[in-house]
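Let's start with one chain on its own, the form predicted on its own, as structure tokens.
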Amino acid sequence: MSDADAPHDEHDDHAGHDHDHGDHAGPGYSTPQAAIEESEREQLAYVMGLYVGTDVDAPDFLGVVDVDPDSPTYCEIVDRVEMPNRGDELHHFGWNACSSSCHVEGLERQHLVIPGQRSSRIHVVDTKDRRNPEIIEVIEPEEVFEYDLSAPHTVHCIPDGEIMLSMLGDADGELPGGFLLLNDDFEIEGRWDPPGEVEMNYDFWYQPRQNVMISSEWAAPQTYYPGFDLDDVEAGKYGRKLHVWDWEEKEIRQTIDLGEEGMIPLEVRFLHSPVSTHGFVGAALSSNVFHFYEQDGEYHADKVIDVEPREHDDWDMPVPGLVTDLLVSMDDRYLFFSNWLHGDVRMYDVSDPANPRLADRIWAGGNFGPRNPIEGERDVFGGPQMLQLSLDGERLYWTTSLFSTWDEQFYPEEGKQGSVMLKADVNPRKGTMELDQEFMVDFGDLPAGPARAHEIRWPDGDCTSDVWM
């Protein structure tokens, strides 16, 4: 399905708003539009690789993937930075600085902060040599537990040069979670939030010009670590709320209960324009996408996309899509999201964010997509999962692993055969996608054995890590 001939309806908050940089130095681009126009095509991707829950006895690693089609090592993992310990379950990661820090003199977007979801260990990797990054700092779990926090998830640079991490549990892996703050020397500065301000936690995104942050909910680590259990859902152990924070006061000013249709709200994405109060969150279990927005001084959230469950011969119940990741293109025109259990990636035109319009979709792996989406290449078991889009919006990449125990439950071959990284060529003008038949990165073919692959980042910033002042 495609809307190839549809006109482009520009959204009022389109990403071209500039702000004064004066003589200040710092990382990033001055505006989202500058990121589109001034960036060069991505040549390397940093990808989380992990061995947790596989038969391979090796530490998790940061994979450096060559995505330059003119390179002799195109589609290869050209370097791996192994972590010093086993069992971290590397998951999400982020930069020490981004465009929101562009007024902080001396900062560079050079260091990746890489937490272990299970270990609560936090690694700092220097990427000055982009093809050969190296670990320079490790914060041990005991240092994190001192703040009664564990299970780090989302990493965001924040405007004054500090780094904030959402933490999903207390020191025992139970609720409540909170937020941990690191200074620009990668030392723990303390909790960002007052203890007890939030119970469940997961992802967050902030809009500093609007003095707002929105966070979402997964569950206590001790609930989701062993795997997914419907009884836990019925017992109310999984989240369904969004929390709207006063960014400067670090306090929740509003909580939105998404109800049964908003079960397990995961990734939160504001539009990139710093003046926008519109954004989206995907409710994984309910398989819906909600549009959130500010009106009359309050935030609201409306369901705008509903992924219908599908019957499958091997399932006792209809299979939900399981919306596990979503992102917004840098020009704020398109929303992309993955249905991990179904096996498709969808592209919606969100020029009018309250009325998304399906533009195109691609099937690869999962329960309903082709097992061999690329002729002559290996099988793909997991569905599309973590997404990343090029800054110009023309190349969409994804990996196939969600979380080790959940992988084992729904796609046991993922741990035995390893993940893949795939790519679609996107035509933003026509609103179409096409699976690149020449691109596959095989995480099943590594020296230590098959690995899972998770989140993706570009060295010069990307559509899921950059925030503008």
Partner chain sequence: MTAPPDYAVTLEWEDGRTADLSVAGDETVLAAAEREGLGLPFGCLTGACATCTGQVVAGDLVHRREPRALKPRHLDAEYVLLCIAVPRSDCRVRVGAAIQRELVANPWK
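Numbering follows the first chain given and starts at 1. Quick caveat, the model's predicted, so the values are computed rather than measured.
Only in words, not in the display: the form predicted in complex with its partner chain, which the text now covers.
- Gly53 belongs to the set of residues with a heavy atom inside 4.5 Å of its partner chain in the predicted bound form.
- For Phe439, no non-hydrogen atom is located within 4.5 Å of its partner chain in the predicted bound form, even though that partner is not displayed.
- By the criterion of a heavy atom within 4.5 Å, Gly369 is excluded from the residues contacting its partner chain in the predicted bound form.
- Shown alone here, Pro412 lies within 4.5 Å of its partner chain in the predicted bound form, counting heavy atoms only.
- Comment: its partner chain is not present in this chain, but in the predicted bound form one of Leu358, Leu230, Val78, Ile136 has a heavy atom within 4.5 Å of it, namely Leu230.
- This chain appears without its partner; in the predicted bound form, the one residue of Leu341, Ile305, Leu396, Val113 with a heavy atom within 4.5 Å of its partner chain is Leu341.
- Contact with its partner chain in the predicted bound form, defined as a heavy atom within 4.5 Å, is made by all three of Tyr225, Leu285 and Glu408.
- Listed stretches are 440 to 448, 425 to 433, 55 to 63, 33 to 41; the contact stretch with its partner chain in the predicted bound form is 55 to 63, by a heavy atom cutoff of 4.5 Å.
- Contacts of stretch 449 to 469 with its partner chain in the predicted bound form, defined by any heavy atom lying within 4.5 Å, are made by none of its residues.
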